[in-house]
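Let's start with one chain on its own, the form predicted alone, as structure tokens.
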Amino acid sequence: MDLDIQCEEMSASRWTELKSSMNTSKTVRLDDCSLSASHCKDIGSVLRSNQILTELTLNNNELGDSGVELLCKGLLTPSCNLQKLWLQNCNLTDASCKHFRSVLSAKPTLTELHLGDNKLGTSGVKVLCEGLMDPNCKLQKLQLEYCELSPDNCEMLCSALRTKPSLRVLNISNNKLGDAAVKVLCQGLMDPNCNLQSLHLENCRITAASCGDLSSVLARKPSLTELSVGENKIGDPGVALLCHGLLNPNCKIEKLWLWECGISPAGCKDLSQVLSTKESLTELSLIGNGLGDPGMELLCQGLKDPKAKLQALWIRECGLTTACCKSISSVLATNQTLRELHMGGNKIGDAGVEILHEGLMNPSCNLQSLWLGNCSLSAACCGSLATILSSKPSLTELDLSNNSLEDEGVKKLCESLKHPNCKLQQLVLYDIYLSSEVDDELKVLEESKPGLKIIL
């Protein structure tokens, strides 16, 4: 049994009812429920008595350090078997970390700890790392984004990476680390004992200088399959350094996030080579980079290579126009592995959709998710979109938000949604002005097709 409740104010009677449910649940989620330290005493009791409870999520509640102290008393009970704990944005400070240290040192069952968006600070994370390095600790996933870490923390995180082979995922995004700190961190990542698979360093104030160190890690650690350095101004020089490591045969990267990294068409040449040679790469995010049509042309050259196995591509807000749609259409017609294409926020226009239509209709195209929100579209392209919906059962998700489709265009889509071949599961139409008549038609259509969700 699972208990999943979000955004609900807790009356005394409702809380009494939930306490009973929590005692028989395997997973409990109470996000945004206005919980406080007073509720933590009851939750601590549940942790002591409910031996089947393995996941607890209490994000966005004002628990505070006193609430965490009560939770940790329950966690330290021998009968508690909790494996995953989420306490993001719970108004915690460094004072909570001594309690987490005790739990990490005593509970090998705990494998995931999510503490993002809490002001733990340098001193708090140092205390946390003491627990992390305890031999009894078997933590696999640690999330510390927006926790006010400093470069001083990377020495202990480096030691943790060297001594904790169980650690698989580390997220320290949105902390002011800098290049020198990442250099220290990479020393831990290079250690033979380190088995990290996923590293998130988004918005950590790193530059191209860090990319040489990260490139060395990529070249020597096949265990690292996910890397995000989004929202760091590494630029084309940084991308060139990363690609050097990515192209190493030892690198087994699967997911690479480079959003808002100051990449231009010049960086796309290096990325194109990675796409055409690195068969392990399945997801690439380049959101918010000034690729332009020339950069997209280069990426498409790599995507058309038979060795390219990319499944998901995010190119939202990349300065693309109708001019690059012919190349993208060619990719859709030849690349059979691509499943998700996120193109929102590019001015491709109706003419661009007409060109993409050719590739989407090709029998080789297996696209499942297409995002075209805010792409300067009108009702004029909805005929082509309707044809795609009624002809491509592989397409299950379509986003057309913030486009001027109006009643005329949406009515065309409605007709195709009724077609037996249409297997669409989600249609997103945010910020589109529609008459009450068409709005009602969409609601009736959604009710008539149980597998379809229309988001307005």
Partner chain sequence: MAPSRPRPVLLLTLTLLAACVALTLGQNQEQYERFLLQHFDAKPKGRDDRYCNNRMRYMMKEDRRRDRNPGPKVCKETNTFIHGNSDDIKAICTSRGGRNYVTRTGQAMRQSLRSFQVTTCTWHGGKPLDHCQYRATRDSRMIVIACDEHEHPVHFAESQI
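Only a predicted model underlies this, so the values are computations on that prediction, with no experimental measurement involved. Positions refer to the first chain, counted from 1.
Form predicted in complex with its partner chain: not shown, discussed below.
Student: Using a 4.5 Å heavy atom cut-off, state whether Pro151 contacts its partner chain in the predicted complex.
Tutor: Pro151: no, not in contact with its partner chain in the predicted complex.
Student: Using 4.5 Å between non-hydrogen atoms, is Glu441 touching its partner chain in the predicted complex?
Tutor: Taking the distances in the predicted complex, the answer for Glu441 is no, it never comes within 4.5 Å of its partner chain.
Student: Does the 4.5 Å heavy atom contact test between Leu456 and its partner chain in the predicted complex come out positive?
Tutor: Contact check for Leu456: yes, within 4.5 Å of its partner chain in the predicted complex.
Student: Using a 4.5 angstroms cut-off on non-hydrogen atoms, would Cys158 count as touching its partner chain in the predicted complex?
Tutor: Outside the cut-off, so no.
Student: Of the residues Asp236, Asp213, Asp94, Glu145, which one places a heavy atom within 4.5 Å of its partner chain in the predicted complex?
Tutor: None of the others qualify; the residue that does is Glu145.
Student: Which pick from Ser49, Thr387, Ser66, Gln426 sits with a heavy atom within 4.5 Å of its partner chain in the predicted complex?
Tutor: That would be Gln426.
Student: Verify the flagged residues Gln6, Asp32 and Asp399 against its partner chain in the predicted complex: is each one within 4.5 Å by a non-hydrogen atom?
Tutor: Every residue of the spot touches its partner chain in the predicted complex.
Student: Which among 262-270, 341-349, 296-304, 357-365 is in contact with its partner chain in the predicted complex, heavy atoms within 4.5 angstroms?
Tutor: Answer to the contact question: 341-349.
Student: Could you list the residues in 38-57 that come within 4.5 Å of its partner chain in the predicted complex, counting only heavy atoms and keeping sequence order?
Tutor: Heavy-atom contacts within 4.5 Å come from no residue here.
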